[in-house]
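So this first bit is one chain, no partners, the form predicted alone, shown in structure tokens.
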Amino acid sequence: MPVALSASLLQTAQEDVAAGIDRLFDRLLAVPADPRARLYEAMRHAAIAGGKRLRPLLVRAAGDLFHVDRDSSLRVGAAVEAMHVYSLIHDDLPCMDDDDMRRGKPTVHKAYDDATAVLAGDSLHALAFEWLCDPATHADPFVRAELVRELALAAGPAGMAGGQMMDLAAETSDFDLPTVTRLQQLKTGALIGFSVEAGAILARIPADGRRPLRGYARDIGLAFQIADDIMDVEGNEELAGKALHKDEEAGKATFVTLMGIERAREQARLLVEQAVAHLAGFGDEAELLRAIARYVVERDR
């Protein structure tokens, strides 16, 4: 597919998924008329109208390979986005990265307070599993159970939370390239991997049939993080919507500090090529996944 058409396909899908996620969050996070209102307002502050919605977009793109109902893909996308947003709320807390801005607006603990931020993150974490368990997500209870298990693995100590612990340790340790790679495969890559595989789970594709998607997800997850490390060095804070140069100030090893910026940039490009190669067995139905792979290293700096 020509580059212009691929970019148009990506933009249309991004806008459609972002609008769908916001509508779903607006409904699922309706503010109750009781003392919990502040908690729901904090969740809405973090979850609605923000971010690139990469993870829900990946669920949609992978689901489309197998003609999955888009309402199902959207609900799974909302669940993984809720899990992602929870991680951002907690990551921004004073006890973690202590950030003031996220997605171009004050972080939850700044807009509200630390305690409300903790509860908002906890609630989004719990809601992610509640939404996956709902028959509205998929009629097959075995599919719902597998989605819950895979998201739990991706979010827990063998995934995102474990990677975050390694990230905290990086401030006082000299990590080498394999260790930084493992850190990012857990902290960033695990949820990206779930997002891609979820589309196949919704279609009841057996585990052996998901190998190309797992390879694709692994490669774009690392490419995404390398691009993020490059952005932290030379990016625009207004475009990024968050503080930059924090890894350098904390003395953390990153792909850029270990490889140099040009080698890191080339490695990200190679990973994108590898990711696209994993989709060789698919036709035009995989074009959105191919466009997303290219986007992860070309997004706003």
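Not measured: the values here are computed from a predicted model. Numbers for residues come from their place in the sequence shown, where the first is 1.
Another form, the form predicted together with another copy of the chain, is not on view; read the next lines as being about it.
Contact with another copy of the chain, judged by heavy atoms within 4.5 Å in the model of the complex, is confined among 226-234, 211-219, 190-198, 142-150 to 142-150. Taking non-hydrogen atoms only, A268 never approaches another copy of the chain to within 4.5 angstroms in the model of the complex. Though the partner is left out of this view, V118 does reach within 4.5 Å of another copy of the chain in the model of the complex, counting heavy atoms only. Residue contact check for H125: one or more of its heavy atoms lie within 4.5 Å of another copy of the chain in the model of the complex. Using a 4.5 angstroms threshold between heavy atoms, D98 stays clear of another copy of the chain in the model of the complex.
The contact with another copy of the chain in the model of the complex, taken as any heavy atom within 4.5 Å, belongs to M43 out of A61, A275, M43, L54. In the model of the complex, another copy of the chain lies within 4.5 angstroms of at least one heavy atom of each of the following residues of 154-171: A155, G156, P157, A158, A161, G162, Q164, M165, M166, L168, A169, in sequence order.
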